[in-house]
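Encoded as structure tokens, the following chain is the form predicted alone, with no partner shown.
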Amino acid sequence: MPRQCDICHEARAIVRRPKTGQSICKECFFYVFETEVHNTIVESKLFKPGDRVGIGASGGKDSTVLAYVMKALNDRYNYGLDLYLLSVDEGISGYRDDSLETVKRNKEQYGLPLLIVSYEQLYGWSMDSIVAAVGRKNNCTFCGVFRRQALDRGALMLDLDHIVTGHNADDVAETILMNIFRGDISRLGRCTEIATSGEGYVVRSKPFKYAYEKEIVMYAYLRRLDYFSTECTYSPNAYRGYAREFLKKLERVRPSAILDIIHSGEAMHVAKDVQLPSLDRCQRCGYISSNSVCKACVLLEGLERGIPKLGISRTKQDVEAGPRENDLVHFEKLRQEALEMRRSRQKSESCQQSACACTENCS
């Protein structure tokens, strides 16, 4: 006899939640998944009405589900957010070009504006050309550093207040493990935060922080969402892959291991006598950095000088501080342009409101 849903006790159960072990029907699964994300947003006070929020969209399952759920919750609970899709084109042939086609379809399906920024546009290098120069061993270092800056640059181009990314509970747990393995105390403290200051420019948050990857996959499948499922061509040897495999083994033994690791990471505190790196601004591009020149500028200099390992293993003498002729567009310039966009938009809205008031009074 088919098992009934553990929640409504009426419909036939078709899903067993990895997170709770409940057997539930499709509609109840949609309800609890969306409600848990809504509760995370409300309890963490992620947004305020009028915020311009960019959804980091790659075309994969996580970002596609995030875009769908964010739009649904914004409409259902009247968050009052202006939503945008923000994508980064790393320049990986046969992978990112295909996934961006999915993002373009999502743009039409969800009725959200889309901005695509590319490594080629921002840095003058694509990942294909970077891999050709550095090989496959350290390419993920370049991609991770460049992508983070690219999102912040795209956010300023759109004058966003907030960026949301599809990082799920599995991703957070993996990052905690990686930082423990590396002994990276400063990153260990930041990686458990649901929202960060966005390097001083745009707030960045993870509404899926407590959502299991398996449930996101089930949600995308049952909702029949349009997403891209191929893994990155250059990621098989990434360090994260080993942490992911270790986490999956733990989860098979103890299903709650993912949330246990997250809660353990949240409970960790750095002793007061431990000196953490102080943050400042890169002298070249203005991005937040613990050194006089940020990681992105160092990596880019190494590529341009034909010594790509400059940013991977280097001494302080290898990189000279201060601006250079071919530096990236300075973040302060982007910020000023964003502020000007905001002033112009507010002035336009004020004029429209005045015109409406005048029309009503005259009639």
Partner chain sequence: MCDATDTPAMESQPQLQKERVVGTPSKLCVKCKAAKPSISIRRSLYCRDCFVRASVTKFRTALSKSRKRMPVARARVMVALSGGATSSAMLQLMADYQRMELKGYAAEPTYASVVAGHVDESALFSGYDDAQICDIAAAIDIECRVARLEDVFALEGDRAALLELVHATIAPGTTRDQFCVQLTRGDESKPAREQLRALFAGLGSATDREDMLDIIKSFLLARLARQAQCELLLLGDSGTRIASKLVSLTSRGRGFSLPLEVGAETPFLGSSSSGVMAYRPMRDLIMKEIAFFNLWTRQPSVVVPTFTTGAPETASIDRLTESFVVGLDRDFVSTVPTVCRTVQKLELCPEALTAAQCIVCSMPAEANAQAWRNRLTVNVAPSEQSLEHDIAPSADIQSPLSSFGVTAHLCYSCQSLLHFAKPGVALPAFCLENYREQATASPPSDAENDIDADSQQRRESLRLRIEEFFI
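Positions refer to the first chain, counted from 1. Note that the structure is a prediction, hence the values are computed from the model and not measured.
FYI, the form predicted together with the partner chain isn't displayed, but the following is about it.
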Query raised in the report: Is every one of L73, Y110 and Y221 in contact with the partner chain in the model of the complex, taking contact as a heavy atom within 4.5 Å?
Result: no
Requested in this report: Report whether the minimum heavy atom distance between G135 and the partner chain in the model of the complex is within 4.5 Å.
Outcome: no
Query raised in the report: Does at least one non-hydrogen atom of R187 fall within 4.5 angstroms of the partner chain in the model of the complex?
Result: no
Query raised in the report: Can D128 be called a contact residue for the partner chain in the model of the complex at 4.5 Å between heavy atoms?
Result: no
Requested in this report: State yes or no: in the model of the complex, is some non-hydrogen atom of E266 no more than 4.5 angstroms from a non-hydrogen atom of the partner chain?
Outcome: yes
Report summary line: Checked T196, S118, T141, T233 for heavy atoms within 4.5 Å of the partner chain in the model of the complex; positive is T141
Query raised in the report: V145, L259, L225, I288: which sits within 4.5 Å of the partner chain in the model of the complex by any heavy atom?
Result: L259
Query - Partner-facing stretch of 60 to 68, 334 to 342, 26 to 34, 292 to 300, counted where any non-hydrogen atom is within 4.5 angstroms of the partner chain in the model of the complex - result: 26 to 34
Report summary line: Across 212 to 230, the residues having a non-hydrogen atom within 4.5 Å of the partner chain in the model of the complex turn out to be none
